[in-house]
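Shown here is one chain on its own, the form predicted alone, set out as structure tokens.
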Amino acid sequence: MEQKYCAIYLSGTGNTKFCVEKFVKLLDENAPIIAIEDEAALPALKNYEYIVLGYPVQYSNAPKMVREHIVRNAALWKGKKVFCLATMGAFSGDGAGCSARLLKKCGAFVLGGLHLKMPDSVCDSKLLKKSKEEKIEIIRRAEEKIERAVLQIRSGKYPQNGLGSLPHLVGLFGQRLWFYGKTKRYSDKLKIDKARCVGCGVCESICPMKNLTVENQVAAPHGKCTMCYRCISGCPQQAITLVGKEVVEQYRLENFIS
């Protein structure tokens, strides 16, 4: 019998959503695709046996929001068959493995993992920035990798990107040991330029953590940033930063896909 999938994902600037949608629709065109912060995510998790979990990698780790969701809903993940899809700007090691290990502790069966390089979306850093042509090529290669992965799954074998002991060591010693503090908890480093902010409320409406509120016509963060960069990319005034001190380039995936 054909397997029925459901996808649950965290996406900041659209990379992960794009990859999850393409991947899941090739597997099951009727599959629901739901943002992790959406109220429909938990009922879907209850009702589907096969789950694709998608998220962006942060310093070779799954975002705290994703890790927290797995642990908080451990009973719902028990017995599920899960495929982990991780997007990244450059390097991961075991990006898919970070959530896979948690899922196994909750009693889930991990089918496999897929790592997909996508254009860098850290808007307030010059590191990893590419030209428009280079970004289009990166997306094209990701699409090709997704198509190959789906063909592999249809032949009965799931990709195992980021799973196993060697990727674990690469991710651990390559980044996570040095940057673990950045992903251990929600960030309180989000900065609002009060001279730029006009209190439009865009950031408040799009934050998956409900971390931002407009107070006295200025956006205010509340220490629960999941580092997805959605608000930084979406702010019309470029008034929000996290890693850097100014916005270098806001990233919108729709500018690079046809």
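Bear in mind the structure is a predicted one, so any value in this text is a computation, not a measurement. One rule holds for the numbers: they count along the sequence shown, beginning at 1.
One more form of this protein, predicted together with a small molecule, exists but is not displayed; see below.
In the predicted bound form, the small molecule lies within 4.5 Å of some heavy atom of M88. The small molecule is not drawn, but in the predicted bound form it has no heavy atom within 4.5 Å of G244.
The small molecule in the predicted bound form comes within 4.5 Å of a heavy atom belonging to M227. None of the heavy atoms of G171 is located within 4.5 Å of the small molecule in the predicted bound form. Residue heavy atoms within 4.5 Å of the small molecule in the predicted bound form occur in exactly one stretch of 22-30, 66-74, 50-58, 36-44, and that stretch is 50-58. For the candidate set A149, L103, A142, V122, a heavy atom within 4.5 Å of the small molecule in the predicted bound form is found for exactly one residue, namely V122.
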